[in-house]
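What follows is one chain in structure tokens, specifically the form predicted alone.
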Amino acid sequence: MAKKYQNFINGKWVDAKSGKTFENRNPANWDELIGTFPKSGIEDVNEAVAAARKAFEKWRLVPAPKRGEIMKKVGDILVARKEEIATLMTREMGKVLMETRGDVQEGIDTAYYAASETRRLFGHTVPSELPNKFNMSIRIPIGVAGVITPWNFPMAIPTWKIFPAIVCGNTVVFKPASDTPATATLLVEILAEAGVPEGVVNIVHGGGGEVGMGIVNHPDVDLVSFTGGTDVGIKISEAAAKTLKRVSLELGGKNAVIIMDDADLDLALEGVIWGAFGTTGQRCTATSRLLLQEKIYDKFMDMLVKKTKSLKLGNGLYPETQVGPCVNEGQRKSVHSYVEIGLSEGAKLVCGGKFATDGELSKGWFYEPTIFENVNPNMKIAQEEIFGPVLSVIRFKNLEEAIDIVNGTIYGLSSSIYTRNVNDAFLAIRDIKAGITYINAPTIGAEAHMPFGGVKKTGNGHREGGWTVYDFYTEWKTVYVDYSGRLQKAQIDT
């Protein structure tokens, strides 16, 4: 019998007020029911926000290093339960076990980094322009953080948001993606086990319309962190503006790899395959455009197509599997619709382009890794985020042209260049409009202690990861201490 899951509000596991539920199934085998989850509404959101608001008044006063000790325990528990978490994640999300282990490891790295940052929430002291006066700035927690996360990294991305939020002294209302609620629930269980007090972290399951926007619109939610599609991000930004909430948006990408004719082609091939078809292309940083210089175009295409056709699709729990399913039927249909668009635009389909339904694959939402060539940079398949295993290949003459092509979309998340020429590498670093640039590596592979995010319509300027995310979750407070014993009128007295 499938497990019945609940919301976690004010330290207690509870059903949705409505009593309604929804199912969570394995995308590699749709007959397998992972569990049932509460289909929550605004009443559940209100209760969770009230709990978080009340808990904030005590949690903000806990010394940051003490919060760090709890976060260290979270990391230790994640280490001990890594295989259990990875297996559950593969069952509910589909990506191969090697990748879900990496997803958990990202959470572990983020936990230990967050624990250490609690002793580095630095302020600044600066000289005053007046005598006998001391100036400093400090960082203080903000309040209740609404955290809304996607399904493709159901452990890593929530940890990127929740861990910095709580170690800075904020409390959290967490709405995970409805496709991966079990991994999210397990994360909250671990936080509670590690000693996070009642009300500091609350999870409310349900749809984006009611629960997600309920959090965004709530007057007692002070800041919102969202990862997902650009269209939804714009709606969140518009709604949050009505109450002047601080908002961090991590949105779409249309990431490109440039391969110069002097590149190590074997290395580049490994990177392109991993970047394009890892996580079945369901990453905001996935390689969805490949730019090949003319001299090596034909040779690399032969290598690429041969390697792509050899990829093994299947259940992510099987050790031989290299590519798992799309997360659900709707996502697979969306991927196929872009393949049809590519064909209608005149691109040449060189492999893939159809549902994978042989044998056990018929039980899930599998799609063949797909490559288009003769792609014009202005085609929809080269402009819009597909979020699936579809790669568009574009020919170019020189680096200047390649960089223009890379920059020619509304997105600017990740980018990559393969070259042995250090000058070309630094030109790419300087001129590509993206938040991330890799040299001789694929467009995926973020590290927990580095800033993560993009430019243009990939986000609104904030960053996940690294030291920069701690600025998002804290307010700066300026403090002046005048020990002169008389009224000093600042600039008037200067």
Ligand code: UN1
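Since this is a predicted model, take the numbers as computed values, not measurements. Numbering starts at 1 and follows the sequence shown.
One more form of this protein should be noted, the form predicted in complex with the named molecule, which is absent from this view; the next part is about it.
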*Could you tell me if G35 has a non-hydrogen atom within 4.5 Å of the named molecule in the predicted bound form?*
no
*Does the 4.5 Å heavy atom contact test between R283 and the named molecule in the predicted bound form come out positive?*
yes
*F226 near the named molecule in the predicted bound form, any heavy atom under 4.5 Å?*
no
_Non-hydrogen atom contact A428 with the named molecule in the predicted bound form at 4.5 angstroms_ = no
_Counting any heavy atom within 4.5 Å as contact, can you tell me which stretch out of 390-398, 229-237, 129-137, 150-158 lines the named molecule in the predicted bound form?_
150-158
*asked:* Only one of E99, E106, E117, E92 gets a heavy atom within 4.5 Å of the named molecule in the predicted bound form. Which one?
replied: E106
*Let me know the one among A51, I70, A446, I432 whose heavy atoms come within 4.5 Å of the named molecule in the predicted bound form, would you?*
A446
